[in-house]
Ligand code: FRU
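One chain follows as structure tokens, the form predicted alone.
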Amino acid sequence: MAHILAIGIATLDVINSVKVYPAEDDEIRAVSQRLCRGGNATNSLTVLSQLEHQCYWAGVLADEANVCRIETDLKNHQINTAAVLKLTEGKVPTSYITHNLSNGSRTIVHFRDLPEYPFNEFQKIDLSQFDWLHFEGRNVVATRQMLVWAKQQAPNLPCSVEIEKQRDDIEVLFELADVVFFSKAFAQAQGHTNAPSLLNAQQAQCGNAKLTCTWGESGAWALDGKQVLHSPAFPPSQLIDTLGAGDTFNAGIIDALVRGQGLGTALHFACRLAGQKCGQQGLDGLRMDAIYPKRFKIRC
């Protein structure tokens, strides 16, 4: 079991499932609705907790009615929230998600009225207790400060950064991470039409970091030094829900690497895990034993 801290957001997700995605100005009836806790960092921790790691979350919550659902879910998944900053004002970030049952896609409208997790709160955390740090690439200035601080205080502590969207000056985070997770959306925003193109273009800025880039049905690629690696996608027999698939992939990579596996093994495992998630609703109940009957153990 590794001790893993993730820094990012937690959201309240309001998910409406529809038979087909509506056209503009349509009025349709949802087949079902569910409310659950979301957010990239906390989604990855939910998966990592099921992979038998001790998980910790650093983020911001508002002291309002909806926070109870989020706190209860985190507690149920044994995610430690001691580093959470709770504010008396603001609203829990809320994602309104339209889930298309015909193809599993999800369209998200996000609202937030909370600040990002501040650097001065991160400085209070004892980093010596952790085996891995994972950051959402969000608030670039504060996240860079956190990465620099982590490298100063615990230079041997591996750090990963998720780069999901193009943000101003996001590139300054790349060289400070040991693992960088790029998304297809980020690659396309940079003008790339395939994952290897993005990875090769970013290699110079990322130093010695291991790089990954997911590409939907085409699978995922990784770059380890000069070696380009690829794993196919492992789609389920029935596509149910793609929400959180990228967060599940990231968790799979972290899990395998913290257990001392090579990046190629990690890439294959993460793609299988993400494919399994797409065949079910939500993140609970992922059957890791069905993917690897003999799980690799953490290397001490």
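Position 1 is the first residue in the sequence shown; the rest follow in order. Computed from a predicted model, the values in this text were never measured in an experiment.
Only in words, not in the display: the form predicted in complex with this ligand, which the text now covers.
Colleague: Which pick from Ile97, Ala142, Val228, Leu85 sits with a heavy atom within 4.5 Å of this ligand in the predicted bound form?
Modeller: Checked against the cut-off, the match is Ile97.
Colleague: From the list Leu61, Leu243, Ala256, Leu51, which entry has a heavy atom within 4.5 Å of this ligand in the predicted bound form?
Modeller: It is Leu243.
Colleague: Only one of these stretches, 258-266, 25-33, 243-251, 64-72, has heavy atoms within 4.5 Å of this ligand in the predicted bound form; which one is it?
Modeller: Within 4.5 Å of the partner lies stretch 243-251.
Colleague: Hey, in the predicted bound form, is Ile9 touching this ligand, heavy atoms inside 4.5 Å?
Modeller: Yes - in the predicted bound form, heavy atoms of Ile9 and this ligand come within 4.5 Å of each other.
Colleague: Report whether the minimum heavy atom distance between Lys124 and this ligand in the predicted bound form is within 4.5 Å.
Modeller: Output for Lys124 is no: heavy atoms all beyond 4.5 Å of this ligand.
Colleague: Within 4.5 Å, heavy atoms only: does Ile108 come near this ligand in the predicted bound form?
Modeller: Taking the distances in the predicted bound form, the answer for Ile108 is yes, it comes within 4.5 Å of this ligand.
Colleague: Please determine whether Thr46 contacts this ligand in the predicted bound form, using a 4.5 Å cut-off between heavy atoms.
Modeller: Answer no; every heavy atom of Thr46 is more than 4.5 Å from this ligand in the predicted bound form.
Colleague: Scan 29-49 and note down the residues that get a heavy atom within 4.5 Å of this ligand in the predicted bound form; none is a fine answer too.
Modeller: Stretch hits, in order: Gly38, Gly39, Asn40, Asn43.
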